[in-house]
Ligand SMILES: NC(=O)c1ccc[n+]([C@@H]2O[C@H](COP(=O)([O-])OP(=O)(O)OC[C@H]3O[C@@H](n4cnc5c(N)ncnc54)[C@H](O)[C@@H]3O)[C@@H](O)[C@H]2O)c1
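Take a look at this single chain in structure tokens; it is the form predicted on its own.
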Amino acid sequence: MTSIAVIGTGYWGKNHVRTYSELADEGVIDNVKICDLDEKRARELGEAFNIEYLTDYKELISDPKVDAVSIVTPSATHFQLAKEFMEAGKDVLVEKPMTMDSAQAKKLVEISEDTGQILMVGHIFRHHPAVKELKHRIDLGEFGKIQHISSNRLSFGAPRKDMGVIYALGIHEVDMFCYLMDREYPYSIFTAASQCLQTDIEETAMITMDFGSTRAYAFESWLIAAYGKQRDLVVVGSEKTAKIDYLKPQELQIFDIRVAEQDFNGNTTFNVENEGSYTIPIPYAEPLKEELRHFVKCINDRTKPISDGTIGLHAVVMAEAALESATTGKSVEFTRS
């Protein structure tokens, strides 16, 4: 069995604590501990879930009963914490972005390889039930040739001060697009971004990724009030189209619609073949719980996570490229393989 500590109990850290507590109740792990610099917050959460809490993460490093940690702290602290815990023989799940710097991300991958410790990154949408179903159907060839992918991640609220939408939101899309296309990197990334409230923090960005015959577009913003909270993904294939509302993990919409090309005496014509649309129901599973359950399985089986350190590194490299493109106004090219 496994004992896990959650470091950081802010908005998302609380969800890690709740979910691990549920896994402990189910007998998937032995117990959970909490660590946060804010003693009041740690105490209140510890009392709510009847979990031991502390304020100094170094006590966890020397605790032989702690097998692994979830690092859910500000992104700037990820590198040092993940480094120390892996070097101390603990497995690590670190939230996205893995680091704010690709050199640091690469170093964490090297430490994981040298120590043999599990390094998993919280790219939660790889564990989304509808995404997993879509990926399976794409791999089977059900959609034909993928022509276009688009995603909207929109909301309205006060922007962050530590990072803009590229690292905070767009990192989901750059990872997801490569996951669906079964590629490490696109051929290139081009980004247009705007800063309305802070000169060094982009609140809106359009990220375009070139996969050769496929283009993928990600629209990210904190400043659009017109749609409420919008989180969706559309994949257009030569045979079918799919849509996922990320807020509905139990649904995958399929549009059995295509444009057919015909040749009449050397003249090309096009017509629409519409077989209708339908929704595939998917058994409900909370993406975070699926992610943490997967982490525990990797710890116990010593197997590579589906979002391992290398995946986290690739996402940081692409986020860096997107930010560079937004700054220079030029595409950033990747080596074609």
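Source: prediction; values computed, not measured. Don't overthink the numbering: it's just position in the shown sequence, from 1.
The following text describes the form predicted in complex with the named molecule, which does not appear among the structures shown.
- Partner contact region in the model of the complex: 157-165, out of 157-165, 103-111, 173-181, 201-209, criterion any non-hydrogen atom within 4.5 Å of the named molecule.
- The named molecule in the model of the complex is approached by residue 37, whose closest heavy atom lies within 4.5 angstroms of it.
- Of the heavy atoms in residue 96, some are within 4.5 Å of the named molecule in the model of the complex.
- The named molecule in the model of the complex is not approached by residue 49, whose heavy atoms all lie more than 4.5 angstroms from it.
- Although the partner is absent here, residue 124 lies within 4.5 Å of the named molecule in the model of the complex, judged by heavy atoms.
- For the options 241, 214, 73, 117, the residue carrying a heavy atom within 4.5 angstroms of the named molecule in the model of the complex is 73.
- Residues of 190-205 are not found to place any heavy atom within 4.5 Å of the named molecule in the model of the complex.
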